[in-house]
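Below you will find one chain, with nothing else, as structure tokens; this is the form predicted on its own, and questions on how it binds or moves follow later.
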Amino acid sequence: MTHLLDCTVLSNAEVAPEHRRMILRGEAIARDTQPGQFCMLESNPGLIPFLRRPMSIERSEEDRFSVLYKIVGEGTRLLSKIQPGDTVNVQGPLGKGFPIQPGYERHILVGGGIGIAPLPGLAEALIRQNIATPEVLLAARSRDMLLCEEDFKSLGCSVLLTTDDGSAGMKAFAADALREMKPHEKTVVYVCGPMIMMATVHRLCMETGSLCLASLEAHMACGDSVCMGCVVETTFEEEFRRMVRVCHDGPVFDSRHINWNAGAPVS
């Protein structure tokens, strides 16, 4: 169920350069959120910027939920100025989250950069439901851009780090590091990050027979399937099903259903 709430900001702290975690009090949203869903945040109560900002819900518990975001434009810059005690209007939870897959031996979470945002809540859900303690692969350009390493370790997850410059963990791309983890047909891989990273992870999963569930990011104006600004091309043969909406049909998709060669809108 989706709600429109004025939520009190409990904290809005920096977690890495130009990256923040905002914790908000909103009982109805926290109660109804499933891992992988998102919300739309009003970054300013006026008309500028006019559109809300889509944010993955990182975690939800009791009366509060959190979002991780990167400061990349005017909307997120305004969000970064919000102080504890301020109020933010939030629409959520929205979209379809990660389907929990209990029939698999291994559960691997792959997050690239700010794409890690929906995965901590998923890890908590897998552990809480006694399905698995997931393995986690975190990828970033450099050490100071890696997010949530300690959060996953505190849950008991094994964590593999990769960086483009070799400043932490393996100097490798995410798919190369995932190959070293030897996923197989009894493995489900949950991935979120840049499109090129998710595409290469998808192709590796096709090679190894692993199920790959991808959480897509997209520009969107409304968040509830009206504007059609977040459509992506699928592999469906039926013409009327050629395009799907990230906000309504996703953001989580079986990677086999996305036409990775066509690309997709990325925020």
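Since we're looking at a predicted model, the values are computed, not measured. Numbering starts at 1 and follows the sequence shown.
The following text describes the form predicted in complex with a small molecule, which does not appear among the structures shown.
query: Though the small molecule is not shown, can you say which of Leu204, Ala30, Leu213, Met55 has a heavy atom within 4.5 Å of it in the predicted complex?
result: In short, Met55.
- request: Taking 4.5 Å between heavy atoms as the contact cutoff, choose which of Thr187, Thr76, Gln91, Thr162 touches the small molecule in the predicted complex.
  value: Filtering the options by heavy-atom distance leaves Thr76.
- request: Would you check whether the small molecule, in the predicted complex, lies within 4.5 angstroms of a non-hydrogen atom from each of Phe38, Val72 and Ile114?
  value: The answer is yes; Phe38, Val72 and Ile114 each reach the small molecule.
message: Please pick out the stretch from 96-104, 151-159, 164-172, 114-122 that is in contact with the small molecule in the predicted complex, where contact means heavy atoms within 4.5 Å.
response: Only one stretch passes the 4.5 Å heavy-atom test: 114-122.
message: Against the small molecule in the predicted complex, would Ala199 count as a contact residue? Criterion: heavy atoms within 4.5 Å.
response: Judged by the heavy-atom cut-off of 4.5 Å, Ala199 is well away from the small molecule in the predicted complex.
query: Would Arg242 count as a contact of the small molecule in the predicted complex, using a 4.5 angstroms cut-off between non-hydrogen atoms?
result: Arg242: no contact with the small molecule in the predicted complex.
message: Within 4.5 Å, heavy atoms only: does Leu68 come near the small molecule in the predicted complex?
response: Leu68 belongs to the contact set for the small molecule.
- prompt: Looking at the partner-bound form in the predicted complex, is His219 within 4.5 Å of the small molecule by any heavy atom?
  reply: Judged by the heavy-atom cut-off of 4.5 Å, His219 is in contact with the small molecule in the predicted complex.
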